[in-house]
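Shown next are two forms of a single protein chain, provided one at a time as C-alpha cells under the names structure 1 and structure 2.
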Structure 1
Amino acid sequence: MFGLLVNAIVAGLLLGGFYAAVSVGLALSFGMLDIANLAHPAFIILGSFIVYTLNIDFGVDPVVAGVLALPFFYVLGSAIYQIYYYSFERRGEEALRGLAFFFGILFITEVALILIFGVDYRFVTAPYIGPSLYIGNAELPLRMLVPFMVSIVMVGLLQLFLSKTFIGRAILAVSQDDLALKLMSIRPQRIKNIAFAISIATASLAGACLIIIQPVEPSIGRDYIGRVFAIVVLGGMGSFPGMLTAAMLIGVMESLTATFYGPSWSPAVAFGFLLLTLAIRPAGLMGR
C-alpha cells in the first residue's frame, strides 16, 4: 500500500511537470496579457505533429525537434497577434469577438491536421520511451521524466527572462500598467507582440512533451482546454511559480484519484479542488 502511494505521488509530480509545460504559454498570454487564447492546445498538437514529422522522416530526437521548431512557432505567434491586434484589440472588441477568433483558429488547425495526417494516432520513437528508473520502490518512467525535466527547464528559463532582461521586465510592466510604458517611449503593442509570440513558441516544446508521453491525434487538444485555464487561474494570474505549483497539485490529485478510485473520477476531483481553492483564495495560490 505504501509503495502504491509513493508511486502515485511520483507519477502525479511527473504529470504535473507536463501540465506546467502545457500551461506556461497560457500563463503568459492569458495571465499577463489578458488574451484568452482558446487555441493554445491546438498549437501544442501542431507542435506534436511537427515533432512527429521530424522524428519519423528525419530521425530527429523529439526534444531536439521541439527546439528546432521554436523559431517557426515564434513567427506564427507574432503573425497571429498582429491579426488579433488590428482586428480586435485596437478597436476594443477583444472580449467576445477575440474569443471567437481563437475558437476559429482552434478548429481550423484541427481540421488542417486531420486533412494532412488523418485521424489515426501518431507516435514517436526515442531511446527513453519505454525504460524506467527505479529509486527504491518508486518507478520513474523516462517517457514522463524527460518531459518533466524539459518543462522545469523551460519554466525556469522563462522566469529568468522575465525577471532579468529588459524585455522581460517590460512584459511584466505591460501586464500591470501599459500607460507607464508609453511614458517611457515604449510601445505596449510591440511588447505584447513579443510576449504573445513567446507564449506560442512554448507550444513547440509542450507538443514534443505530449507526443513523448502518449500517441496523439488532431482532436486530442480539446482534452486540455479546461485543464490549462484551470491551472493558470489556480496558480494566480501571471505567476509562473504559482502556475507550476498548481500544475503539480492538479497532477498529484489526478494521479491519487486514478490510482485509488479510478481514472474517470480524476477530472472531477481536480476541478473540485480548483473550485474549493478559489472559494477560499479567489486570487489563486500566488496571485497578486
Structure 2
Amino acid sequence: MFGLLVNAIVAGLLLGGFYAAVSVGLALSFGMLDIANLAHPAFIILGSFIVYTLNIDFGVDPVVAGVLALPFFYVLGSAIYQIYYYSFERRGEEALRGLAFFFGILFITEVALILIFGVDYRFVTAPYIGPSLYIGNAELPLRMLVPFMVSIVMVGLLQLFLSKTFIGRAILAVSQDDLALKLMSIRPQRIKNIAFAISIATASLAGACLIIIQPVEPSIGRDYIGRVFAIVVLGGMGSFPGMLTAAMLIGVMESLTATFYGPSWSPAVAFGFLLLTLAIRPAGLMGR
C-alpha cells in the first residue's frame, strides 16, 4: 500500500512536469496576453505527429525532432496571431468570435490529422522508451523522466528569457499595461506577435514529450483542454512558478486517482479543480 502510494506520487510528479510543458504555452498566450487559445492542445498533437513523421521516416530522435520543428511552429503562431489581431483583437470582438475562431482551428487541425494519419494510435521509438531507473522502491520510467527534464529546461529557459532579455521584459510589460509600451514607442501587437509565436512554438516540444510518454491519435488533444486551462487558471494565469506548482498538483492528483480508482476517472480530476478554482478562488492558487 505504501509502495503503491510512493510510486503514484513519483509518477504524478513526473506527469506534472510534462503537464507544465503542455501548459507553458497557454500560460504565455492566455495568462499574459489574454488570448484564450483553445486550439493549443491541437497544436501539441500536431507537434506529436510531426515528431512521429521525422522519427519514423528519418530516424530522428523525438526530442531532437521537437527542436527541429520549433521554427515551423514559431512561424505558424506568428501567422495565426496576425489573423487574430486583424480580425478580432483590433475590432474588440475577441470575446465571442475570437473564441469561435480558435475552436474552429482546433477542430480543423484535429480533422485534418485524422484525414492524413487516420484514427490509429501512433508511437515513436527511442532508446529511453522502455527502461526505468529505480530509486529505492520508486520506479522512474525513462519515457516519463526525459519529458520531465525537457519540460523543466524549457520552462526555465522561458523564465530566463522573460526576465533577462529586452523582448522578454516587453512581453511582461504588455501583460500588465499596453499603454506603457505605447509610451516607449513599441507597438504592443508586435510584442504580442512574438510572444504568441513563442507560445505556439512550445507546442512542438510538448508534442514531442507527449508522443514519448504515450501513443497518440488525433482526438486525444481534447483531453488536454480542460487540463491545460485548469493548470493555467490554478497557477494564477501569467505566473510560471504558479503554473509549475499547479501542473505538479494536478499530475499527482490524477496519478493518485488513476492508481486508486482507475485510469478512466482521471480526466475528471482537472475539471473538478478547474470548477473549484473558478468558483472559490478565480485568482488561482498563488494569486493575490
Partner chain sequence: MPYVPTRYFCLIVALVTIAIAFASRLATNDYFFFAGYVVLQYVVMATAWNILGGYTGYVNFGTAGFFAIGAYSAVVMHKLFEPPLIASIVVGGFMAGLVGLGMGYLTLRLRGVFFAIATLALAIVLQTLVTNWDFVGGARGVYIIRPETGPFGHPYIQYLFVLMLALSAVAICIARAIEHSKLGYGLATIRDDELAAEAAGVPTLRLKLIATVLSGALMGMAGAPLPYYVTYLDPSSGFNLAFAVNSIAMPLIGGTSSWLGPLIGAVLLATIQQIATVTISSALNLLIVGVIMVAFVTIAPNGILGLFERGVRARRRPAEKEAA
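Residue indices: 1-based, along structure 1. Under this definition, the rigid core comprises the largest set of C-alpha atoms superposing within 1.5 Å between the forms. Please read these numbers as outputs of a predicted model, since none were measured by experiment.
Legend: structure 2 corresponds to the form predicted together with its partner chain, while structure 1 does not.
After superposing the rigid core, the C-alpha of G59 moves by less than 2 Å between structure 1 and structure 2. Relative to the superposed rigid core, P241 undergoes a CA displacement smaller than 2 Å between structure 1 and structure 2.
Fitting the two forms on the rigid core leaves the C-alpha of G226 displaced by under 2 angstroms between structure 1 and structure 2. Core fit done between structure 1 and structure 2; CA of S264 shifted by 3.8 Å.
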